[in-house]
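This document starts with two versions of one protein chain, written out as C-alpha cells and named structure 1 and structure 2.
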Structure 1
Amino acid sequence: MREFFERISKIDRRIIYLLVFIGVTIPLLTRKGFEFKPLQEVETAYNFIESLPEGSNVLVSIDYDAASMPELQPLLEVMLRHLFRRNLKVIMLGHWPLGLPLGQIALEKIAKEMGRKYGEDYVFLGYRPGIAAVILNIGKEIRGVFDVDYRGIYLDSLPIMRNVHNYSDIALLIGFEAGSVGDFWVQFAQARFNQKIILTSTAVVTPDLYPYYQAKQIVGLIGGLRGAADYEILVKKKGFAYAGMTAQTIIHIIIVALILIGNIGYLAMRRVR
C-alpha cells in the first residue's frame, strides 16, 4: 500500500506529458464541442459593438505575438468579421512589432472574404515605438505619430482617414493584449480622453484586467480561449476557439485529477511517516 501511495505522489512527468498530449490532440482532431453559455463580460462587449452606428471607426491594436496566437488570433478573425458585417471601419495599428504581421494577415484575409476595400473600409497603420507617447499623441492628432500608413501613403489621401484626427473620431478601441499595453490604453486613452475600450487578452493577462472592467473603465473584457469561444457563439460562427475549448476542458479536468491524486499520495505518505 505504501508503495502505491508513494508512486501516485511521484508520477513520472513523461506520463503527465503524454496525458496532456492526448487530451489536447484528440478533441482538436475530432472537433467535437460542448454547449455553453457565453460569459457576461463577453456578451457586454458583443452588445456594445452591436450598438455602434454603421460607419463608425474602430481602432484595433495588435499587442501580442505568435506565442499568444492560438488564443488571440481566432478571436481577432471573428471580431474583424463581426466589425465588417456591421459595416464598421477598421483602423489597425500595434505596439508589438513582431506580432503586427499577424494582424495584417488576419485583416487582409477577412477583408478579402467580406469584400472590403483598403483605404475605404479599413487601413493598416503599422508600428511606432514608444507606447505611452503614441497613445497620448493619438489623443491630440493621429497624424502626429502616423502621418502615413504602413505602405507610406499619406493618411489624408485615404478616404477612411480623412475625418479621423483623434479619439473623438474613434467610436471604439479594441486591444488584443498579451502583456501590459492594455494598462496603457486604459490609463491614457480612457482616463484622459474617455475613449470607449474593449480589451481582449490571453488567459494569463485577464485577471490583471478585471479591475478595469469592474470599475467600468472598459466596456467589455474577452479573456483567453474561453472568451474567444464565447464570441464565436455570439456571432454564430463556431470555429477554432470553440473546438479548442473541448481540449481546454479536458486538460483542466486532467490537471485537477492529477492534483487530487498527488494530494492523496502526499497525505497518505505524510501519515505513514
Structure 2
Amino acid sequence: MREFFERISKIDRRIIYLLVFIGVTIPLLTRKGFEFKPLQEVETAYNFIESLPEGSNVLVSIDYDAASMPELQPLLEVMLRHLFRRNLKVIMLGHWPLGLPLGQIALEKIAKEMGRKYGEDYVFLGYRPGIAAVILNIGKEIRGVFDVDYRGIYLDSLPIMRNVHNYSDIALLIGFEAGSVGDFWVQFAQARFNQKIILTSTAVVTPDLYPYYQAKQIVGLIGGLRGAADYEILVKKKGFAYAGMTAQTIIHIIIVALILIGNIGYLAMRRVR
C-alpha cells in the first residue's frame, strides 16, 4: 500500500504529457465533444442576424492581430458563413493594421467557398488611422474616410457601396475585439448614431464589455472560445472552436484529477511517515 501511494504522489511527467496530448488531439481530430446550451448573449446575437432582411449591409471591424487569432479567427469564419448564407452584404475594415490581413484572408476564403462576388456581395476597405475620427466620420459620410477600397477602386464604382453613405445605411456592425476599440464603437457609433452593434472578443476582454450588453447598448456579445463554440452550435456547423472548447474542458478535468491524486498520495505518505 505504501508503494502505491508513493507512486501516485510522484506521477511520471511523461504520463502527464501523454494524457494532455490525448485529451487535446482526440477532440480536434473527431470534432466531437460535450453538449452544452449556448449562452443567452450569443443566442441573442445569432437571432438578430437571422432577423435582418436579405441584402442588408453589415459592417465588420477587424480589431485584433495574430496574438488573438486562435480565439477570434474561427468565430470570424463561422460568422461570415452565416452572413453570406443569409444573403447579407459584408463591408470589412479594421483598426489594427497587423490584423487586417487575417480578416482579408478569412473574407476571401469564405466568399469563394460561398460563391460570393467582390464589389457586389462584399468589399474590403482596409485601414485608416485615428479610431475615434474614423468612427465619427463614417457617421457623416463613409467616403470622407474611405474614398477607395484597399485595391484603390473608388467606392462609387462598386455596386455594394453605391447606396452606402453612413450608419443609417448599415443594418449591423460586428466588432472583433482584442483591445479597447469596442469601447469606441459603443461610445461613438452607438451612443451618437444609434448603430446596432454585436461585439465579439477574446475571453480576457469580455468582462469589460458585459455592461454594454446589460445596458442594451449592444444587441449581442460573443466572448472567447466558448462564445465561438456556442455560435458554431447555433449555425449547426461544429468546427475548430467547438473542438477546442471540448479539448480545453478535458484538459481541465485531467488537471483537477491529477491534483487530487497527487495530494491523496502526498497526504497518505505523510501519515505513514
Partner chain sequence: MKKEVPLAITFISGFLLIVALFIPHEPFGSLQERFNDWYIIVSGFTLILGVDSLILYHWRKIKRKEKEAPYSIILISTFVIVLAWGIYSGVKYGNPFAPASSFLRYFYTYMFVPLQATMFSLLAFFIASAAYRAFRARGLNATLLLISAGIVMLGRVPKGEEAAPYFIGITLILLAIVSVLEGVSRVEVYEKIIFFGLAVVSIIAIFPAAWFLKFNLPRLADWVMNVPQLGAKRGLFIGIWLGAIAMAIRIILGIERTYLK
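So that the term is clear: the rigid core is the largest set of C-alpha atoms that superpose within 1.5 Å between two forms. The structure displayed is predicted, hence computed values, not measured ones. Residue numbering: structure 1 sequence, from 1.
**Q** Can you tell me whether structure 1 or structure 2 is the form predicted on its own?
**A** Pick structure 2 here.
**Q** Using the rigid core as the frame, report the C-alpha movement of Ile250 between the two structures, one decimal, in Å.
**A** Displacement of the C-alpha, rigid core superposed: 3.3 Å.
**Q** After lining up the core, report the Cα displacement of Ile264 between the two structures in Å, one decimal place.
**A** A shift of 10.5 Å at the C-alpha.
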